[in-house]
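Just one chain follows, in the form predicted on its own, and it is written as structure tokens.
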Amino acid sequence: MPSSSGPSLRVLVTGASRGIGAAIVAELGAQGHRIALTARTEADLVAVAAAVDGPTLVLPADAIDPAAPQRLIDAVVAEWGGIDVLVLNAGEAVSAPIERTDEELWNSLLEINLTSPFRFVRAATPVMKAQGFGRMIVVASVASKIGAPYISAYVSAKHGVLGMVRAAAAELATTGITVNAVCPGYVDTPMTQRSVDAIVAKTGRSRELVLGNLQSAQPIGRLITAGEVATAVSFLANDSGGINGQSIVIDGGAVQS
């Protein structure tokens, strides 16, 4: 069984090509862990991997492909003999009023934010059980904790994935596996910038005003950095096992739980 504080954890990060995912790769890679990166665009993954000094494995895949989780887990096990840490960061947010949230939008957000993480957890569980060790970490959202207008599908998916984390944590607690979530608020990432652009386009407000509103929604008065989320993920990846079924909110103090 590997040491959770040792230098050789075998890690798979989804959504690893930019933003929070790239920051997680950089953080864990700097600690000497072996990092497998997956996202849809191979060129972006190669660029992120190139900045890591230690061993990396670039595995392009679409996280919503039902066959991808098992294929990716198998690839990591084939390369490194097992998998110790699974970081599920792939996700997407789209806003729409409830009356304009059609079946396609609803299903697509549940697929990427809830069903895909479940498939990865399911695929990794047998390997981690056999090892007697595993750390599963889902990058969820403050939307896992509270509701907000115009994102009913996203909020539903993120509430659901936190429920999955809690259920899996309870079920696997005696196996050496922990399952936890981090719940960021507004993070300075391309996804947030796309959200800002969408609000500007829909409302006609200035970009500065929209961005300022997002910043002021967090008591610290700024966006969270991707590095701050990566630090929380690293804390859970390296934890000795006492933290399980938890959701760490990273939003400067707005949602206190």
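As the structure is a computational prediction, the values presented were derived from the model and not from experiment. Just count from 1 along the sequence shown to find any residue number.
One more form of this protein, predicted together with a small molecule, exists but is not displayed; see below.
The stretch among 95 to 103, 82 to 90, 125 to 133, 169 to 177 whose residues place heavy atoms within 4.5 Å of the small molecule in the predicted bound form is 82 to 90. Using a 4.5 Å cutoff between non-hydrogen atoms, K202 does not count as a contact of the small molecule in the predicted bound form. The shortest heavy atom separation between T41 and the small molecule in the predicted bound form is within 4.5 Å. For the chain shown alone, D62 is a contact residue for the small molecule in the predicted bound form, at least one non-hydrogen atom being within 4.5 angstroms. By the criterion of a heavy atom within 4.5 Å, G227 is excluded from the residues contacting the small molecule in the predicted bound form. This chain is displayed alone, yet in the predicted bound form one of V52, V210, V58, M191 has a heavy atom within 4.5 Å of the small molecule; that residue is M191. I112 is the sole member of V165, I112, V155, V121 with a non-hydrogen atom lying within 4.5 angstroms of the small molecule in the predicted bound form.
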